[in-house]
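Just the one chain here, laid out as structure tokens, in the form predicted alone.
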């Protein structure tokens, strides 16, 4: 009996091989430049098998990050309503995830990103492509300002997560979420849509 050659068929280790290849590709090339075809090639499988296991590149990225939430379901909640309330809704939705049991995966990722450049790259790609880009593209701001605005919003959101869940700085760590929404939401709103001039 001759052994089959060519790409590996699906088996229990195939899914993990695809995820390993995806993590490396997303960390090295970023979400936009990483392709399903290249990831499949690195994993030694057919691209159709990647689609079979994960569906889209977005879903593969979420699986590679091991996140329990899908930004595609959360971003519409941030955008539902008037433009001037996006900052507050973003903080509210963010806290709703991070303060829930699902937030423990985010805390673990944040802790790892502080000391591991590879994880930091993945976190950067996640925040940029899966969250901030999706919000900012709907707010009719100058395209040239998108990177700066997104980065400024990230300083607030990641800073909030770090102080509330990693450093556990009081009174932020135990503050009522609506207190934080009221305090931080306007700053996030200014970063999203307001003037950035000094």
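Numbering follows the first chain given and starts at 1. Being a predicted model, the structure only gives us computed values, none of them experimental.
We do not show the form predicted in complex with a further copy of the same chain, though everything after this point is about it.
With a further copy of the same chain left out of view, the stretch that reaches within 4.5 Å of it through heavy atoms in the model of the complex is, among 29 to 37, 166 to 174, 58 to 66, 45 to 53, 166 to 174. This chain is drawn without a further copy of the same chain; in the model of the complex, the residue among 95, 110, 86, 75 with a heavy atom within 4.5 Å of it is 110.
Proximity of residue 114 to a further copy of the same chain in the model of the complex: non-hydrogen atoms within 4.5 Å are present. Within this chain, residue 24 is remote from the site of a further copy of the same chain in the model of the complex, having no heavy atom within 4.5 Å.
Taking the partner from elsewhere, residue 17 is found to have every heavy atom lying beyond 4.5 Å of a further copy of the same chain in the model of the complex.
At least one heavy atom of residue 156 is located within 4.5 Å of a further copy of the same chain in the model of the complex. Taking a further copy of the same chain as it sits in the model of the complex, the stretch 142 to 162 comes within 4.5 angstroms of it through a non-hydrogen atom at 147, 148, 151, 152, 154, 155, 156, 158, 159, 160, 162.
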